[in-house]
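One chain is shown next in structure tokens, namely the form predicted on its own.
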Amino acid sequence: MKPLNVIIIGAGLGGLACGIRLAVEGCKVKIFEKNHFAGGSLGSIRLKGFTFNTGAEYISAPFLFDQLYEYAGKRRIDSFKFRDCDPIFQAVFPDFKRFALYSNPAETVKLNPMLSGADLQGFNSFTEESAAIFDDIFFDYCGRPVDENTFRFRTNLWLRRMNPQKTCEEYANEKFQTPELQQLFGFWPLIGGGNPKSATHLFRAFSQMFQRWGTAVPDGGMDNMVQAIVRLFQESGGEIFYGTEVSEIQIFNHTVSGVRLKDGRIQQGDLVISDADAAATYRYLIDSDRTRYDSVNQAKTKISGISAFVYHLGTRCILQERAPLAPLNILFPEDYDRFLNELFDQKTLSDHPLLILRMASKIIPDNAPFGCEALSVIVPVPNLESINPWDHISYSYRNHVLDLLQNYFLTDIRTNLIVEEYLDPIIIKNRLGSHAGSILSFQPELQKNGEIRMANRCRDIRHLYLAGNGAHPGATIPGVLLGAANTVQVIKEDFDKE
């Protein structure tokens, strides 16, 4: 591959991974990051001895990090290490019934009394059928670049065979009889920001990914991992410019020529990779007034994804639990269907939402001072297109989330609360630059051409590529790393032809 001048917008994991691969290929790579830190949504917050990870807390398919380091001729284990986490997560239902999913299906069966009779048969069938399609989804679909030709092939053959029109909820209802298990094994699209009632059942591949490779956390916190990858990028020859925001992608004759920075400076480049939110990239960084682009119009017609309310809190003691909790817990509400309808259809703030409770100090005690506890609660909420006045309702919603959380503990949380920080969709929008504060860009919906997210190569603007939220395959850390590898592959193919 000939040396190229590469500009990357954003120093998130996708931008860094693209930058490492291209720098190793001999390209001159510059990353422009509007914040004064790398990692995008990945990182850590430290408050008075407490450590709270932002963005993803757990990592699956760690071999993808090994591959990235090997590409640069180094070993990941010499830079940072992972600590395994099992169970993968625990579901807790309103009557305190619990179901823990382990990486080993036999252990899941052994340790969950809920699995018996027809439900046991359903679980075995669910696991076997998910394993049968997993390689096709993970390696052949997610692990390959997408373009019109591969879409056409998959639409006619691969996707038809998968019967993707069946929703995840429908598939789970066929396999299980117990309502709680139907909810749990149908909820997988939520991980990618999708509605279990309408999103394809192919999202159940998440369950197989966790069972095949388990989950882990990076020692020293998520920001320790991010800084290690930043060092790898810089050691490979790349440069990062912090506090430098890109205001426009420069385009001449439908071909990228560089970027304009917020201070007015122009940076020339042979190609531009946007690690920013795909919706924001097409809506705000491309001047489509003078020239109409199909890709921009397509992005504007896509449904914006959900946002989140995130609440980090640290307590002066270890909280006594009403029922044993795991490091990662999915707390289902009394009326789960109502919550989904409010979130995706009515786009209103639910009084009884699903809660994702992370208790990081259960895995790494150093995340909290001795005798204390660190917790994070993530609540899926509508984006800013539907609910905007968060500056007036954030604190009251924080109180409501705290009341809901208290139901799972005997110890009074408020009197033992010593540190806290909460992030609403407005803060998320400002930090990540995402359109409408969406945490995973577009709402993932399978299109007739086989596309769930935007292609890594822009279809009608030459030398513009996407590696951020909303780009194929997207969602979860493995999806980001696969997307970065896909993006570099199509760049090499494009410039080798030229």
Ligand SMILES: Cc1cc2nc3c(=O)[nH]c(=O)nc-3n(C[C@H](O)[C@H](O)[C@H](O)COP(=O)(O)OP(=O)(O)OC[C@H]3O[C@@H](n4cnc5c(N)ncnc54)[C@H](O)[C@@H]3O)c2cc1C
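For every residue, the number given is its place in the sequence shown, counted from 1. Source: prediction; values computed, not measured.
What comes next is about the form predicted together with the named molecule, which is not displayed.
State yes only if every one of Phe32, Thr54 and Arg431 has a non-hydrogen atom within 4.5 Å of the named molecule in the predicted complex; otherwise state no.
Answer is yes for this spot.
Looking at 66 to 74, 44 to 52, 436 to 444, 454 to 462, which one sits within 4.5 Å of the named molecule in the predicted complex if you count heavy atoms only?
Checking each option against the 4.5 Å cut-off leaves 436 to 444.
Taking heavy atoms only, is Ala485 within 4.5 angstroms of the named molecule in the predicted complex?
Output for Ala485 is no: heavy atoms all beyond 4.5 Å of the named molecule.
With the partner left out of view, is Ile20 within 4.5 angstroms of the named molecule in the predicted complex by any non-hydrogen atom?
Close contact is absent here: in the predicted complex, Ile20 is far from the named molecule, nothing within 4.5 Å, heavy atoms only.
Evaluate Leu313 for contact with the named molecule in the predicted complex, applying a 4.5 angstroms cut-off between non-hydrogen atoms, and reply yes or no.
No, Leu313 sits far enough from the named molecule in the predicted complex that none of its heavy atoms falls within 4.5 Å.
So in the predicted complex, does Gly39 come within 4.5 Å of the named molecule, heavy atom to heavy atom?
It does: once the named molecule is placed as it appears in the predicted complex, Gly39 has a heavy atom within 4.5 Å of it.
Just to be sure I understand the contacts: of Thr244, Ser288, Gln227, Ser198, which is the one whose heavy atoms reach within 4.5 angstroms of the named molecule in the predicted complex?
Selected option: Thr244.
For a quick check, can you give me the residues of 274 to 296 that have a heavy atom within 4.5 Å of the named molecule in the predicted complex?
Residues within 4.5 Å: Asp275, Ala276, Leu285.
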